[in-house]
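One chain is shown next in C-alpha cells, namely the form predicted on its own.
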Amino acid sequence: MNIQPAPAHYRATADLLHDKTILVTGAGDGIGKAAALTFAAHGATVILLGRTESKLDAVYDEIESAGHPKPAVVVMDLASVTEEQCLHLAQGLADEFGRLDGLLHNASVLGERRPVESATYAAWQEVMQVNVNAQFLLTRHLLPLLQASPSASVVFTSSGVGRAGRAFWGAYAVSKFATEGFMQVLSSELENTSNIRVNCINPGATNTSMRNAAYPAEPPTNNPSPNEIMGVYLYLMGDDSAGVTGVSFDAQ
C-alpha cells in the first residue's frame, strides 16, 4: 500500500478549481460539507449529494450567498440506492453538465462497534451497502462522465482502521479495507489509459459527528475541524496532483 502524508505547506490558488464540476457525497454535514464549501470557494460547480434535503439546501444557500458558482442538489439515500437511480443520476448530470471533473466519496456510516460474535447482520449489511456497494454503483455509472473530462479525480475516504484491523470496529473497518482495495484496483485499471486519477484520503481524528459517536468520552475540541484538513482535498481535486494516482494520503 502506497501511503503518503498530505503535501507539506500546500497552498491552493484561488481559482484552482475554476470551471470544474465536482460531486461530493455526504455533502450536508461534516467533512463533506467542508469540502463542498471549499471546492466552491475555489471556483468549482459542486453537486451536493446526500440523504437529508434540509442540510443540502443549507449548504446550497451558503455557497450561493457567498457568490460562488451555483451548485446543484441531489437527494439520494445510499442505504437504499439502486442501480436504476445511479443510471438516472448519470444521465441527468450528462444532460446538465456534460462531464464530471471530480468525485469525492465522503459519505459513510459507522455502524455497530461491538465484537463480531454479537454483531448483527442487518447493521453489517447497512455499512457495506453505504460504504462499499453504493460507492461501486456511483463510480461505475459516473465513469463515462469522468472520462469526458480532460483531467478528472476520484477520491475515496479511508480510515486508519482500514489499514490495520482493530477490535470492535467490525463492519466499518472491513468496509474501509474494501475502500482501499477498490481505490487500488480502479487506479491500476485506469493508469496510463485514462485521464482519471484515483486516490484515498484518511482524514484522521476530526471533529465530526461520526468521530463524536465513536468516541463519546473524547472532548471534540481535541481534534481539528474539517476545515483545517482541506489542503489535501484541494490538492487531489486540482490539477496540481496530475499524474498522482493509487496513493492513500493522510490528511494529518
Ligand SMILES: NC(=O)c1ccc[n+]([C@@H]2O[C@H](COP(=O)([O-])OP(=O)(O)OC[C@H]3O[C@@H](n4cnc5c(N)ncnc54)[C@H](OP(=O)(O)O)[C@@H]3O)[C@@H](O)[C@H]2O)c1
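Everything numeric in this text was worked out from a predicted model, so none of it was measured. Heads up: residue numbers just count along the shown sequence, starting at 1.
Here the subject shifts to the form predicted together with the ligand, a form of this protein not shown in this document.
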TODO: Please name which of the stretches 85-93, 116-124, 147-155, 102-110 has residues with heavy atoms lying within 4.5 Å of the ligand in the predicted complex.
DONE: 102-110
TODO: Examine residue 208 and determine whether its closest non-hydrogen atom to the ligand in the predicted complex is within 4.5 angstroms.
DONE: yes
TODO: Tell me, yes or no, whether residue 31 is in contact with the ligand in the predicted complex, where a contact means a heavy atom of each within 4.5 Å.
DONE: yes
Open item on the list: Test of understanding: in the predicted complex, would residue 51 fall inside 4.5 Å of the ligand by heavy atoms?
Closed with: yes
- [ ] Give a yes/no on whether residue 220 approaches the ligand to within 4.5 Å in the predicted complex, heavy atoms considered.
- [x] no
Open item on the list: Counting heavy atoms only and using a 4.5 Å cut-off, do 68, 142 and 238 all touch the ligand in the predicted complex?
Closed with: no
Task: Selected contact from 137, 76, 72, 128, since only one has a non-hydrogen atom within 4.5 angstroms of the ligand in the predicted complex - done: 76
Task: Stretch 168-191: residues contacting the ligand in the predicted complex, 4.5 Å heavy atom cut-off - done: 172, 176
